[in-house]
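Just one chain follows, in the form predicted on its own, and it is written as structure tokens.
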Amino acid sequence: MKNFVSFLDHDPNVIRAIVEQALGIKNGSIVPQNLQGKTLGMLFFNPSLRTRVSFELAMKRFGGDAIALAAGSDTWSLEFGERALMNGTTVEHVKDASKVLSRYVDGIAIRSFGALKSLEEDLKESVLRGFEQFADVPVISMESACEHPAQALADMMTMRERHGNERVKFVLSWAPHIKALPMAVPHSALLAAAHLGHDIVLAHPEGFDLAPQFVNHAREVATQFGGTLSETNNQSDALMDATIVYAKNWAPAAAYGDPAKLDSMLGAHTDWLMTGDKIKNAKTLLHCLPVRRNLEVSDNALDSPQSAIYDEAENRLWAQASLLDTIFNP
């Protein structure tokens, strides 16, 4: 595995193998060897808590090191345009930054969010793919405009711990929010469930469709492992007989770049709040965190016996360790 920037780039069985190794690392039956003596350069274009700590700790725990940089404050502002005339606010081109970092570190991890001005532009993943194009060492996504593959590995771990290899009903439900959020985590949650062969129901209000290429890929992978994928605009129908519920907000692509339309669409569906009553018959509640309590998900759901949000967060560490061990495998 040269790079890890998207689930779509890899054989699903490779993804599943990383998760199985992560479970072994967590229970102590496997000790990763390939992080020893390695250094990971981490470049953050956005804030981070779980992602930064889990990647940095995974490296240090298993004999490596990590350097975290905040893009634009710890580094020069970067230019990503091809053949750009850099007479504006950007100081260094991604080509030069990537080449220099490649001389210093053994891998480059990037975290960047979508601009939410155009879904088409976000899908190009200009920041992440720019580093992938020019770096001479492996490039790893710590979340990008449209995908969060490292989170998906932890989600898969958590579902495997709680449900084994059982095929269950997995519901990804849209949740309310006060601001536009990217589609990265929802796309990756779908892919996580698909790689485990679950029966997936994607539930969202009308107009909140996810990007077709991710939905279609998730459907193909789910089918490969014996599962299914369907969509509905009715949350109550979706939650009926659900075993796993993943609550997450995302912005409607039709309102990207239009604040007034976005506020109107987000504010029209506050009744999609995930509550304890809605998940009372489910066995597992997932959310990537951070979560806006009682706006996206209620306290009585987040603090219920079904909630696996802290297991899910812890599993970022073990999933990252397994991923990095795979990336650095000579």
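Since the model is a prediction, treat every value here as computed from it, not as a measurement. Numbers for residues come from their place in the sequence shown, where the first is 1.
Just so you know, the form predicted together with a small molecule exists too; it's not on screen, but the next bit is about it.
Interface membership of Val31, defined by any non-hydrogen atom within 4.5 Å of the small molecule in the model of the complex, is ruled out. A residue is said to contact a partner when one of its heavy atoms sits within 4.5 Å of a partner heavy atom; Gly267 fails this definition for the small molecule in the model of the complex, lying far away. The small molecule in the model of the complex is not approached by Ser188, whose heavy atoms all lie more than 4.5 angstroms from it.
Although the partner is absent here, Glu147 is not a contact residue: none of its heavy atoms lies within 4.5 angstroms of the small molecule in the model of the complex. Checking 296-304, 276-284, 59-67, 42-50 against the small molecule in the model of the complex, the stretch whose residues place heavy atoms within 4.5 Å of it is 42-50. In terms of contact with the small molecule in the model of the complex, the residue from Arg111, His177, His204, His198 that brings a heavy atom within 4.5 Å is Arg111.
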